[in-house]
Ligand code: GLU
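Shown next as structure tokens: one chain only, the form predicted alone.
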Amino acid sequence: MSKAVADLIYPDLTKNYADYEALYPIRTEDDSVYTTRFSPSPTGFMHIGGLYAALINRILAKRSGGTFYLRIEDTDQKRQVEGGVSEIISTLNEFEIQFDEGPANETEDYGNYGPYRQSRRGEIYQAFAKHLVEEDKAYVCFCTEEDIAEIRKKQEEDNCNFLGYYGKWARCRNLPEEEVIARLKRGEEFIIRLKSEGKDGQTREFYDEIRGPLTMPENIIDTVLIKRDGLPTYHFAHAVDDHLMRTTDVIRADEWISSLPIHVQLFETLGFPVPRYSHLSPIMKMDGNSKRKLSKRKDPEARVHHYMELGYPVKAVIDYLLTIASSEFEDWRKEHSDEDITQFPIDVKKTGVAGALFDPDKLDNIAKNCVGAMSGEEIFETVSQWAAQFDEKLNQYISANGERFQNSIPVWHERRLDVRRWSDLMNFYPYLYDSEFDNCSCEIPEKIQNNRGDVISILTDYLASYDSADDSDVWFSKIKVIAEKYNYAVKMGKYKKNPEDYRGSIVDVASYIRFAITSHFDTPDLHQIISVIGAEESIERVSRFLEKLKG
């Protein structure tokens, strides 16, 4: 092609490719300083694999003293969702993955290498596409969708090993310049394609920082650079953006490995230095006897929002992802329990080629320890914020009983590690937090049913002896008296030695009272529970349950 064709395509560009090179200078000459990015599409909830990639990109950049930026790849206008950019930003913020440059909200950016959304970089792509047309490295293609379908059909009939727009099948590649100009002047729709120099059947070695050398076929397809709507394809935008934003390392999902030949070819054709590429293995799950990738459509745990909804502590999710990324992280975390994760010396080469299997039990264990290490003040603030967004019932309770909620935290927090996520609070402790809790709604368990007479007597005596002024020791001493009255062993050693001499033990007596108040046999300290729900409420519950037994 010629400058005449290029000028006819883009007659009104105010800057050329050289102007943009000058506008976005090299950030540093130091190869040890990383510039990385996270570049999602605003198409809905973020996948956990995306959060995983963003986390690794951020750590590598910050550890090296470099830059981590957010770029929005929104050239596929049909797939976008309203508020998609805000969703990405808020999710990253929620998980404390801060970026140094990028979109501040749906409309504004910050940083010197923007715009940071591809839909606003149209003239930049056009300037580089125009340059390639001028140098005869790209060309105008007038083929319609019907033409492409016809080409594919003929390729299938000829049993071609490779389907696509290349070689003899590339109808517009060698059109005479005069014809191109005439058709452009007639207003025919067009796209711009790369004039690939790849050879059919020829392979080339590419390098991946995780996988090492990869031998792959050269790209032979005359890839579309600019679509009919004037926006670039992902491939072309990727090359132009990563170059101008001076990305040193492209760290992304391994689904993009197949695109490596075209991406490297684009960098080289454009005369750009090729960044280092690292392709992260996916997070997997068992499906029957085989492993597969986590699917946002099939698996709730694939959606980052899932962890937000359940109320997993942010630190727990991040730490869990880093155990997937590096076998060295757990030992590092033990020695650096309070360190920011950007201080972890992650080595992307050690992230592994095989996809890590998602382990919910391990996440839960990390989360339990994370909750256990939090102070009561931290829990109060974090749970209050979470409930306001995700749990209306708990939020109403906290709003109406803030001090009471704060006093309840030690009940389940001290000496226990059963809470993994904030949604556990209402599930495990409805007798503390559910204003509609009904201690008589469940069926009478067999243990109580079989000892109904004893339980009625024990609960009757408990009500008669209860005094809200009693401290824990006095309260329990009264339960011992009741136990002895009905021949329940107070000393467990004697009971274990001669169980046949007793109707049960003090543990059984306490469990009857516990169940009457909480509808559970296994709870934290019962006297603490009573102190939280209040003497009046606890007496009412025992009375209601007693009436149910008598009825």
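Numbers follow the displayed sequence, beginning with 1. Given the structure is predicted, the values throughout are model-derived calculations rather than measurements.
Only in words, not in the display: the form predicted together with the ligand, which the text now covers.
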Problem set entry | Candidate site 437, 521 and 541: all three near the ligand in the predicted complex by heavy atom within 4.5 Å | no
For this session: Could you check which residue among 466, 344, 234, 272 gets a heavy atom within 4.5 Å of the ligand in the predicted complex?
Result: 234
For this session: Please pick, from 504, 49, 40, 66, the one residue with any non-hydrogen atom lying within 4.5 angstroms of the ligand in the predicted complex.
Result: 40
Exercise. With the partner left out of view, is residue 252 within 4.5 angstroms of the ligand in the predicted complex by any non-hydrogen atom?
Worked result: yes
Exercise. Within a 4.5 Å heavy atom cut-off, is residue 73 in contact with the ligand in the predicted complex?
Worked result: yes
For this session: Verify the contact flag for residue 256: yes if a non-hydrogen atom of it lies within 4.5 Å of a non-hydrogen atom of the ligand in the predicted complex, no if not.
Result: yes
Exercise. Where, among 492-500, 522-530, 32-40, 479-487, do residues come within 4.5 Å of the ligand in the predicted complex by heavy atom distance?
Worked result: 32-40
